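One chain comes next, on its own, written as structure tokens: the form predicted on its own.
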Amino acid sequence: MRRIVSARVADRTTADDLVQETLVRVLAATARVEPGMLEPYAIVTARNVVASMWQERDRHRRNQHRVVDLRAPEDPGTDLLAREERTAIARALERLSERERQTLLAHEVSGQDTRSLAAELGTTAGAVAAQLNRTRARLRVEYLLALERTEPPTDRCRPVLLALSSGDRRRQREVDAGRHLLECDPCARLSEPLMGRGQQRDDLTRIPIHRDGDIVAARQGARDLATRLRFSRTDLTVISTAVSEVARNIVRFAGAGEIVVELLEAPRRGIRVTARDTGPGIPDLEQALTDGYSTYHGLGLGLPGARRLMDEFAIVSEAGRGTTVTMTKWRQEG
């Protein structure tokens, strides 16, 4: 994010402020962002923050002559903006089916509950609630498209935007939303208002991995979170070491990625570590998991060591698309 902002903003202090603003927005959306999508979402957010700053500065420059006037001038654009928003809402509602529109208006405007709606529609209250959630997600997408007076440039756009709007992480993976956001500027621009509505989780931590210093941060972050489940000192060391190894692989072979550490409390208590990158991938997984194999002259345990240290270990790698390692350590009860 710092590289992206600094490339667009020369003043270092201003750039630092914008990086912090970007971090706040990204952290606020972590609960709704699939682990593999955090980097593209952060990139898009950084671009939007910089663009907003330049727009604000330009507006301030154009209105600077008004500073001497102590009276608050009426904004001639207020009514225009309100009319544009009403028009966008109307157009978005027109994109819904008749059933979707009537059900949504009956629930949101008339206050009709899901049970009575289900009786009218010949279905269940749960089905009505699910339909309402899908309709709201679609309405958000259509509203933003209408407000920007644009249409999705490809057939992939709407499925991606709907997956983001609904917060459906499984669907986001199916449509490869993270990669699409990096390739499609219109969807990247719309992604922030669609995804920036979530709350930060306290049972999950994310550590971007770019350089050696981030390995230490990932190790400490995993240890801090695992401490909350009262893992033994030995297990804390085991978890930290395994995280160090997968983080080191990201730095050495991919250049950039992310580690997500998540607490598991039902039905068993444990900690799950997901290390994901968008690097070149591993051409021979079997060889990479062989003890002693390494393409760099390091002294670490590597992937084979990480697999031995953790209770569960899975790895998926695809040439040109990156690698995902998932590891789990269960707490020994009693």
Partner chain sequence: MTTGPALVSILRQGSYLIASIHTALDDSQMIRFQHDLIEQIGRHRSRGVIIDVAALDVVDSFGSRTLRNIAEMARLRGALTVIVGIQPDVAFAMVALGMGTGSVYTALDLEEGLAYLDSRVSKKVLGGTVIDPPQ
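Small disclaimer: the values here were computed from a predicted structure and weren't measured. Residue numbers count along the first chain shown, from 1.
Omitted from view is the form predicted together with its partner chain, to which the following refers.
**Message:** Taking its partner chain in the predicted bound form, would Arg223, Arg252 and Gly305 all count as contacting it (heavy atom within 4.5 Å)?
**Reply:** The answer is yes: all three residues contact the partner (heavy atom, 4.5 Å cut-off).
**Asked** Does Thr241 make contact with its partner chain in the predicted bound form, using a 4.5 Å heavy atom cut-off?
**Response** Within the cut-off, so yes.
**Message:** Does any part of Glu84 reach within 4.5 Å of its partner chain in the predicted bound form? Heavy atoms only, please.
**Reply:** Contact with its partner chain, no.
**Prompt:** Heavy atom to heavy atom, is Val216 within 4.5 Å of its partner chain in the predicted bound form?
**Reply:** Judged by the heavy-atom cut-off of 4.5 Å, Val216 is in contact with its partner chain in the predicted bound form.
**4.5 Å heavy atom contact, Glu120 and its partner chain in the predicted bound form** = No, Glu120 is distant from the partner.
**Message:** Just to confirm, with a 4.5 Å cut-off on non-hydrogen atoms, which of Glu148, Asp212, Asp185, Asp203 contacts its partner chain in the predicted bound form?
**Reply:** After the contact test, the surviving option is Asp212.
**Item:** Selected contact from Thr227, Thr237, Gln102, Gln112, since only one has a non-hydrogen atom within 4.5 angstroms of its partner chain in the predicted bound form
**Value:** Selected option: Thr237.
**Message:** Within 4.5 angstroms, counting heavy atoms, which one of the listed stretches 185-193, 228-236, 87-95, 131-139 is next to its partner chain in the predicted bound form?
**Reply:** It is 228-236 that comes within 4.5 Å of the partner.
**Message:** Heavy atom within 4.5 Å of its partner chain in the predicted bound form: which residues of 179-194 meet that condition, in order?
**Reply:** The stretch 179-194, when checked against its partner chain in the predicted bound form, contributes no residue at the 4.5 Å heavy-atom cut-off.
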